[in-house]
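Take a look at this single chain in C-alpha cells; it is the form predicted on its own.
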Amino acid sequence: MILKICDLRVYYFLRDKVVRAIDKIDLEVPEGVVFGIVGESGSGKSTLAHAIIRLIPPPGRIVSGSIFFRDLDLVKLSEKELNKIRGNRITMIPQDPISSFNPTVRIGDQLLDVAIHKLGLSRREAAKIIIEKLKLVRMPSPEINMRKYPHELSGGMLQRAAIAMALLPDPDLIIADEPTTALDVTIQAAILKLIRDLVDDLKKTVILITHNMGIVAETCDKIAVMYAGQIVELGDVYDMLSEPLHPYTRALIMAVPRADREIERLEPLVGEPPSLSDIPRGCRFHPRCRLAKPICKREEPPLRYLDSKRAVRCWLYV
C-alpha cells in the first residue's frame, strides 16, 4: 500500500460549534491505481485530500489518527520533514488551475521556479525538463505556450500546465481535487484520459476527488464513497457500479442519466446532507434513506468488510 489512513479525524473548532469534517476514516490506497473518492459537496472529500498533505487551514486541525505514506506517519512529521515529501513525493492537481498560477508571471517562469527550488536544477536543466513534462501532458507548442501568462491560455491548457507542475518532481502519489470542474465536457474527457495514462504508462498512483459518478466509471480502479465525513462504501469500480450495496451509493448511481439504457424517469436523491456541526444520531444517511430501520436511527453502523475487496457502513449488512 502506498497510503494507509487509520482512524483519521479532522475537526474545525468554531466559536460556537465543532464541525466534524472528517470522522473515523480508515482507508488503504494500493500502488499504481486511480483511487476515486466520490460524494456530494460537503461530504468531506477535499478536506480528506488536504489532510493527507497536512494543509488543513485554521481553525481546523487533525484531532487524531495516522496517515502512513509508505512507512512514514505524516501526522507525526515536523514541518521541515513534511516539506521533503509534500510537493516532492506527493503532489496535488488543484480544482481551479487559474488559482495555482500568479497572473503576473509567465507560465514557464513559474514552472522554472518549482523545478529550480524543488529539484535543485540549473535554469537550463530545469527548462529542458519543463518542456519534456509539457509534452508529456500534450500541451500544444510548449516552447511557445510556456512564455504566455495564465490568462492567455484556455482552461484545458492551464490544467495541463498544472498537471505538468505536479509531475515535475516525479512524485509517487498525485492527488487530483476535482480537476475537471471548471472545464467543458470535451476538455474534461481529454484531461481524464491524461490522468488515466499517467497511471497506465508512468505507473503513478492518483487519488481522484470527484462528485461525478460518470467520471468514476470512466477513470477509476477503486472507489471510496463518502457521506457526512465518513466512508460508507469501498470497493473495486466494476463491483460497486454493477452491484452497489449502500443505499447512498445506489442513489448516486440512479441519479445519473445513462446512454446505454432507456430510463423513463431518473430517481432523485431526496433531501440534503446533514450539517457536519449537527450530525444526526445513528446512521448519518438515515433521514434520506428509504430502507432505514429503527436501529438506523439509534446506532451508528460500523464499516464492515464483506470480503477483501468490499466494505460497507450499513445496518443492512451487519
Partner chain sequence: MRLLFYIARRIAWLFFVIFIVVTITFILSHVVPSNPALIWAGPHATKQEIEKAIKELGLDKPLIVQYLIYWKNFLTGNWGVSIHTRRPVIEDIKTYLPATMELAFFAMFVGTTLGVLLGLISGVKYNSVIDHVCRIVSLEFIAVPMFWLGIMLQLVLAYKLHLLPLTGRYDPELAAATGFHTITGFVLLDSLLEGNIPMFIDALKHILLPGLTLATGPFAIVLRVTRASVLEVLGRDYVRHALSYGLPRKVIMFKYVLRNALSPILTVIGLEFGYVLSGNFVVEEVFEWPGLGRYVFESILNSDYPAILGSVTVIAIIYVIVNLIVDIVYALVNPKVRY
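Numbering follows the first chain given and starts at 1. Source: prediction; values computed, not measured.
Although not depicted, the form predicted in complex with the partner chain is the subject of the following passage.
- In the model of the complex, the partner chain lies farther than 4.5 Å from every heavy atom of residue 291.
- Of the heavy atoms in residue 151, some are within 4.5 Å of the partner chain in the model of the complex.
- Put simply, residue 104 is close to the partner chain in the model of the complex: some heavy atom of it is within 4.5 Å.
- A residue is said to contact a partner when one of its heavy atoms sits within 4.5 Å of a partner heavy atom; residue 91 meets this definition for the partner chain in the model of the complex.
- Heavy atoms within 4.5 Å of the partner chain in the model of the complex are found in one stretch of 94-102, 201-209, 221-229, 131-139, which is 94-102.
- Among 114, 245, 77, 146, the residue placing a heavy atom within 4.5 Å of the partner chain in the model of the complex is 114.
- Across the proposed site, 53, 58 and 118 without exception bring a heavy atom within 4.5 Å of the partner chain in the model of the complex.
- Contact annotation for 149-179: residues with any non-hydrogen atom within 4.5 angstroms of the partner chain in the model of the complex are 149, 151, 162, 165, 166, listed in sequence order.
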